[in-house]
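The data below hold one chain only, encoded as structure tokens and taken in the form predicted alone.
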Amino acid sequence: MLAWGRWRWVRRQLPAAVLTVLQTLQSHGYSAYLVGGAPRDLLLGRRPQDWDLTTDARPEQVKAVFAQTIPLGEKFGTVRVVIGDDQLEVTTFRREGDYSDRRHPDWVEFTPSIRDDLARRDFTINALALDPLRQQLVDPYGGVRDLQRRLVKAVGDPRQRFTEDPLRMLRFYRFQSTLGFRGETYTEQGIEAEAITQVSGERIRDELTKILMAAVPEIGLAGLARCGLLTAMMPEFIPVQAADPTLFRHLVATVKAIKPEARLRWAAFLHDLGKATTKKVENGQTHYYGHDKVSAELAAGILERLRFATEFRQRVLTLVRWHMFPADPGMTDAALRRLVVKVGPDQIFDLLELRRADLVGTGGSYYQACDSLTRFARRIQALLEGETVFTRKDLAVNGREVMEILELPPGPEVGAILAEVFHWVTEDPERNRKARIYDFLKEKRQKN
């Protein structure tokens, strides 16, 4: 049970809308609790991001006591209550049948018992109900004890919990990564990795992204690899695990080192995926010729299966494809321009961040390399501030003008010539003048 002073702190964390819903339900004679992540986070001394409420009031009774509600899933006992600008989901205590489709229960039955409701939760640290008004904590499965032990443990039989919804296997590792907890061995033994293939790519994508973005991603990623979930979801990692365990550790270390932004974390995790299949040993030296290109090809398949948005995929793949760029501060201006053109001015510093994290994950001469990257970044910044020709749209001429000067019909040849003009201009941005480009094209016509 919480100490009196602790209850006061919990009460202060409640948003006004949450407090209003709890008070309204209880004033009409119903029980009302916070469930899900909110009790867990409050007991850990954190302010929750989500507020899930449950009550013994049935959906029609919930609608009767609030002025404005939105039907959401009354068949499953959920009503959305509108309080001012806020909307909160209120769910009736319920019991559930088997999960034939491994996601939704075959049947739902309302129950007056909060303990019955908590029995359907996934992990003990989430099977808590908190009534901050009456200062009651319902904990039938030892969730508070497991919070104190920093342990993620299934409610009841792990195999049954994971069979109901295989995505819970990923959530098992996600909570370890986000909370910095360890997973119970018995719970992990209940994982059947191949069952994850029955889950949609979108749901897997969201959980994996949460693991990658977590404070301690290495815990979850190591667990995914250990139990077989990683290769069940992404067979592209099979050669990585079979070839060299240090490669997987490097990918994880790079994830840990890079900024916690989704596109960067995914790029870090996939950037060296092709090393396992391109490894060559020549005269005692190990080489990975073309691994950046192979990594991008493998990453493309993963990101498409997980149904990432097109723009997100393109950004990640660009970083993976070009992460082996020569970060030489003495590079010529023309070479710098070509690099910016390949990557895009909006991603060039993401590429530098990936290189920095890659170096940290390698454990090499980090400080010397970072000094070189810093000087390289300054040159890039100066380039971006002083020039504007980074795409074909920036050229002083367009395809129609090329066709007029060279007397060409529409077709792929026009695009090829524009690419040649663009390359010529990036050698010296002062060339991006209509008259100079006209002269270049006329000279080209004469030669041909």
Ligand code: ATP
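This is a predicted model, so every value here is computed, not measured. When you see a residue number, it is the position in the sequence shown, counting from 1.
Beyond what is shown, the protein has a form predicted in complex with the ligand; the following relates to that form.
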Review point. Among 236 to 244, 281 to 289, 78 to 86, 117 to 125, which stretch has residues whose heavy atoms lie within 4.5 Å of the ligand in the predicted bound form?
Key: 117 to 125
Review point. Though the ligand is not shown, can you say which of Arg375, Arg338, Arg203, Arg249 has a heavy atom within 4.5 Å of it in the predicted bound form?
Key: Arg203
Review point. Which one of Arg171, Arg321, Arg265, Arg356 is close to the ligand in the predicted bound form, taking close to mean a heavy atom within 4.5 Å?
Key: Arg171
Review point. Applying a 4.5 Å heavy atom distance criterion, does Arg149 contact the ligand in the predicted bound form?
Key: no
Point to revise | Residue contact check: Asp52 to the ligand in the predicted bound form, 4.5 Å heavy atom | key: yes
Check your understanding: Just to confirm, Phe175 within 4.5 Å of the ligand in the predicted bound form by heavy atoms?
Key -> yes
Check your understanding: Should Pro59 be counted as a contact of the ligand in the predicted bound form, where contact means heavy atoms within 4.5 Å?
Key -> no
Check your understanding: So which bits of 59 to 80 sit within 4.5 Å of the ligand in the predicted bound form, heavy atoms only?
Key -> none
